[in-house]
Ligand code: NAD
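As a starting point, one isolated chain is supplied in C-alpha cells, in the form predicted alone.
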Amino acid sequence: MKKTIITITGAAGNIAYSLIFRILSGNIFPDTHKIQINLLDLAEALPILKGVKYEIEDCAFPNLENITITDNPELAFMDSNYILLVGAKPRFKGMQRADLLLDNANIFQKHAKIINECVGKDTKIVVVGNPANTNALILQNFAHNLPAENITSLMKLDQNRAKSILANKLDKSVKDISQLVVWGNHSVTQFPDLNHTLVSDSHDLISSLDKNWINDIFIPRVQKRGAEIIEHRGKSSAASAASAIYDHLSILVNGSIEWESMGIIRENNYNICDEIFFSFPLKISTSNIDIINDLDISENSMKYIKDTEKELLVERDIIKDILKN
C-alpha cells in the first residue's frame, strides 16, 4: 500500500485547520493510499497543534496512517511528497508591502535551504503564504536541487472567486463556466480574463456582457475580493483559501480537463519575464504543466498583464540582495 506524506506549515492557523480535514475527508488520493500528515508551526503553537491532532484522530479517517506535530522544519519536510507552505507573517495595518516581502523572504529562505536537503526531486511544493509568487521565487532560488516546475504558487482562490462572481452575474452555476483564467500576481494587480471564457460551452453570454461592467466592476471586485471579505467578516479568507489549496493539490495529483491558473516560472510566448512566478492559462496533466501559449491577447488585456508583471518585477528587486545570499 502506497504512503503519501503531506507537510503543512502554519499548521495552527485558520487556513490549515480547514485544509487538514478537507484533505483527509476528500478524494484526492485513492483508497489504496495511506496518508501521513506533518504539521509544522512555531514552538508556542505546539499546544494548539496537539489539540488539532486529537481532533484529527477523533475523526477516525480510514486513510490516515500517522500525524506528526513539530516545530522542527527538518523533521516536518523530511521525505515529504507534497509540501504546502501556508505559514507566513501576515501584513498588519500600516505595514508597508516591502517590509512584508523582506520579513517573509527570510522565512522562506530558511525553509528552502532545509527543503533542499530533505526531499527528493519528485516532491511538489505549493506556496500559499503571501506574497505567494515572490515567496515561490525565493524557494526556487534556494531549493535548487528541486526542479523549478515542481514549485507552484496558489492562484486557484482568485480563479474560484472570478468564476463565482461571474456565475452570480449570469445566474448560472459555476460548473457551467470554463476557460476563465487569472494572469499574474496574487494581488490587486491580477487580471481575471474573460476573453476566452465559455458559459455552457458558448462564448455568447460573455460577448453580451457590458464592457463597463467587466472593466469597472468585475475585474476590480475579483482583485479586491480579499479586502471585501475582511471588511465584512473582520478576518481574512480562511475556508475559501483552504478549499482553493485543496483544489490546487487535487489538480497536481490528478490533472485537470479545465484551463487552470497557478503561479509558475517558465519561458512563454507572451513576453513575460521568465525570472518571476507568474500565473498563466495552463493545461495540467498528471505529469506536465503546460502554458496555453497561442491565445490572442488584446491591447487592453496586455496592459493589465504587463501591469501585474511590473509589480512582480518590483517585488523581485526588493528581495534581490536576499536572492544573492
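Start at 1 with the first residue shown and count on from there. What you are looking at is a predicted structure, and each value in this text was computed from that prediction instead of being measured.
Below, we turn to the form predicted in complex with the ligand, even though it does not appear here.
K.L.:
For this chain shown on its own, do Leu102, Gly263 and Val314 all sit within 4.5 Å of the ligand in the predicted bound form, going by heavy atoms?
P.N.:
Negative, none of the three is within 4.5 Å.
K.L.:
Of 125-133, 175-183, 251-259, 194-202, which is the one stretch near the ligand in the predicted bound form, taking non-hydrogen atoms within 4.5 angstroms as near?
P.N.:
Selected stretch: 125-133.
K.L.:
So in the predicted bound form, is the ligand close enough to Leu84 to count as touching (4.5 Å, heavy atoms)?
P.N.:
Contact with the ligand, no.
K.L.:
Does at least one non-hydrogen atom of Cys59 fall within 4.5 angstroms of the ligand in the predicted bound form?
P.N.:
Output for Cys59 is no: heavy atoms all beyond 4.5 Å of the ligand.
K.L.:
Is there a heavy atom of Gln140 lying 4.5 Å or less from a heavy atom of the ligand in the predicted bound form?
P.N.:
So Gln140 does not count as contacting the ligand.
K.L.:
Mark Pro147 yes when one of its heavy atoms lies within 4.5 Å of a heavy atom of the ligand in the predicted bound form, and no otherwise.
P.N.:
Answer no; every heavy atom of Pro147 is more than 4.5 Å from the ligand in the predicted bound form.
K.L.:
Pick from Ala76, Leu157, Ile115, Leu166: which residue has any heavy atom within 4.5 angstroms of the ligand in the predicted bound form?
P.N.:
It is Leu157.
K.L.:
Using a 4.5 Å cut-off on heavy atoms, which residues of 224-238 contact the ligand in the predicted bound form?
P.N.:
Heavy-atom contacts within 4.5 Å come from Ser236, Ser237.
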